[in-house]
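First, one chain by itself in structure tokens, the form predicted on its own.
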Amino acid sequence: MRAAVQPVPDHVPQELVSSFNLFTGPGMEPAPMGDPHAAIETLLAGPPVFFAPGNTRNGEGTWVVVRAEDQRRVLQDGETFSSNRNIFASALGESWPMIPLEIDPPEHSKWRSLLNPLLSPRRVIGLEPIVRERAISLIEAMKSRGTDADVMKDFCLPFAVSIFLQFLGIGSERLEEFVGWATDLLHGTPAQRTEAARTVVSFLDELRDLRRQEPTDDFMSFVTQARIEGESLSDMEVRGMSVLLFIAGLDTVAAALGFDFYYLAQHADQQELLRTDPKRIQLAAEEMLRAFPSVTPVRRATRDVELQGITIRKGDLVACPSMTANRDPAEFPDAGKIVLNREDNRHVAFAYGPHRCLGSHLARREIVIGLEEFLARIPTFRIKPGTAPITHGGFVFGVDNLQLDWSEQEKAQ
């Protein structure tokens, strides 16, 4: 449930107001066998910038920037287009930023520099054996229960949560508990989401206090012992970083894997191609990131600014859906087609500019490893007969009820 749609601001010309909405527009509302990416791709045939009323959870409208070139301008200019919105905290009636996502330049750079080593390509390589072990464990457990599964519940979300627990230095024995929190936070009722958010914050605060006294070799120990400009981080700064790690590492990775499996379940020939030549999986993962990105970055204008001849006023929200940028024909040949061996694939699933996803190296490895191990261990799969995946739009696109079945292949063997 979202708040009531707020009135269109007086300064927005009526001819620029569209009925499109990331949450409730055609192809965006939860629907069986839907394709929200194809639905939003149709925006490329319309105006490059328009106003969408009620295009946020709190009912506020946003400008929607359609083309990749214009999105780059917005997302690279952190001074004109601010990301400091305190989204998570405001839902709890509080005010603190998720760091570094909701910190604007020039302050942003010092936080980014602090955290970069934690998620560097070298650090990710070191984590790879654990990531692979977690993937194998979940897949084998899923196989042991039969020849079909709800892959979002049984693999994608637990896989993403397990990597977060590894960062916190917490064993997999708490996986089920954390998956429950994540499920309520991402997919629960408003009351469930609020309660889960409070539970997560309380847990992270308690772990922060413990690691200040008893540091180990994990993320929380690193940030509680770190110093910026000679000063230790405050409790709220540590909270802001911890919450961002939790949020950013869950829904986006799980959603990416979900859309990948949804696509492959409908294309057995593509499954077979990747199984027989696993070296193709890395390029295929990049192409599916391009075709099925999940996130729409939103910024707030700090001053009046003109974009495509349209005046955006100070205080206006500006949405930059990665889904349209990634299917912009000015950026990609055959942009509307999924070409699993596409090379030089400069997609923006991880956004642009100073706030480009800090965890992109880890997310890529999680997705590739998840696909490698799934395809190596699960026979040819399809959408389970009699079921239909439920897709949805929003600021993070997703798929639920993704019931996969591989029973026919098991019988053949």
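Computed from a predicted structure; not experimentally measured. Throughout, we count residues from 1 along the sequence that is shown.
There is another form of this protein, the form predicted together with a small molecule, and it is not shown here; the text below is about that form.
In summary, the region of this chain contacting the small molecule in the predicted complex, judged by heavy atoms within 4.5 Å and restricted to 271-279, 210-218, 139-147, 245-253, corresponds to 245-253. Contact with the small molecule in the predicted complex, defined as a heavy atom within 4.5 Å, holds for exactly one of Leu44, Leu358, Val368, Met28, namely Leu358. Proximity to the small molecule in the predicted complex, defined as a heavy atom within 4.5 Å, holds among Pro158, Pro100, Gly78, Gly258 only for Pro100. In the predicted complex, at least one heavy atom of Leu119 sits within 4.5 Å of the small molecule. At the 4.5 Å threshold, heavy atoms of Pro354 reach the small molecule in the predicted complex. Using a 4.5 Å cutoff between non-hydrogen atoms, Asn326 does not count as a contact of the small molecule in the predicted complex.
Contact between Arg193 and the small molecule in the predicted complex is not found at the 4.5 Å heavy atom cutoff.
Site residues Arg132, Ile378 and Pro389 are none of them in contact with the small molecule in the predicted complex, judged by any heavy atom within 4.5 Å.
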